[in-house]
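Just the one chain here, laid out as structure tokens, in the form predicted alone.
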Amino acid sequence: MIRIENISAGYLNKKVLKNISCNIYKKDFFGIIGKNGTGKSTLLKIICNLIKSYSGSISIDDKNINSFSKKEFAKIIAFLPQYVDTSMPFTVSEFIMFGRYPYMNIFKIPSSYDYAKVKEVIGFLQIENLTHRKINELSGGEKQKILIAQVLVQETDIIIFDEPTLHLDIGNQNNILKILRDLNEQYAKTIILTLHDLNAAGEFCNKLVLIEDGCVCRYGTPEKVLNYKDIERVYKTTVVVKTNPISDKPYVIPVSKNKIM
């Protein structure tokens, strides 16, 4: 379990997060939602121990994250940020292998197990046709699969994504989220991610936290969090929340105020 207790954090003199508390359990598909600039990415960076909080603590299985060495931590949590430099002309196989660095010796020479793990992940994602291509020559959807492959070969139980479907079309968005759901359901991975698409959050996540002005507005199941009153207040817009007739999950429909007045 990841226990987040009274986290406050920010940059320079600006406080972004204010007393954030919630728990994330093993095998959760946990979504963080909220307006732009409300602190979603900041919360991910604190969980990943990339920046320090002003106050509060985060523990994993009752062990404070500050007590792990960097190498230990890299074997527990893998993180895919919004922006990764894919401009260098590495082959896909070479790029994926970078995810094995926490397990390599001081000389960073891959072992036979490293190569086997890369091959296994390539097979799982069905990207064998891309392995000899250069990462900087791929489409956006292809690159995102390769970035996911790189974090998968890190062999962590917890995988964190900051907007994994950013700039992707609806087809690629669904493909990426289905991959993450398979990791969650078939391989017992704990998935934590930020999303702007509330309907994707409602469809794929089993737990959500809605951040409002740096505070927890609502925390729980999608049915509890995605209610029209909270959504309208946080996002400053008019919506209707219905139930998807196929999946029985909540979905949010924006409504023009002019149409209902």
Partner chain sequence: MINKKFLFVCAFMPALVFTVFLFSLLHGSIQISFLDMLKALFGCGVDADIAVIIKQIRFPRTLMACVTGAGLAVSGCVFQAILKNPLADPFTLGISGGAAFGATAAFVIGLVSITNFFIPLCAFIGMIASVLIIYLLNVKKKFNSNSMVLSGVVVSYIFSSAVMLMFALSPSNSVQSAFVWLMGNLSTFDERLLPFIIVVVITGIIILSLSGNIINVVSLSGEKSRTFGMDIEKNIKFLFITASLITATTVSVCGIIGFVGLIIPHIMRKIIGTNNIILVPTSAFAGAVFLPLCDTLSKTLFSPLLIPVGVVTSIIGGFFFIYLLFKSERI
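Here the structure is a predicted model, which means the values were calculated and not measured. Positions refer to the first chain, counted from 1.
The same protein also has a form predicted together with the partner chain, omitted here; what follows describes it.
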(request) Pick the stretch from 179 to 187, 122 to 130, 79 to 87, 165 to 173 whose residues have a heavy atom within 4.5 Å of the partner chain in the predicted complex. (result) 79 to 87
(message) Within 4.5 Å of the partner chain in the predicted complex - does that hold for a heavy atom of every one of 219, 233 and 256?
(response) no
(request) May I ask you to check whether residue 113 falls inside a 4.5 Å heavy atom distance of the partner chain in the predicted complex? (result) no
(message) So in the predicted complex, is the partner chain close enough to residue 74 to count as touching (4.5 Å, heavy atoms)?
(response) yes
(request) Examine residue 151 and determine whether its closest non-hydrogen atom to the partner chain in the predicted complex is within 4.5 angstroms. (result) yes
(request) Examine residue 139 and determine whether its closest non-hydrogen atom to the partner chain in the predicted complex is within 4.5 angstroms. (result) no
(request) Would you give me the residues of 34 to 60 that have any heavy atom within 4.5 Å of the partner chain in the predicted complex, in order from first to last? (result) 45, 50
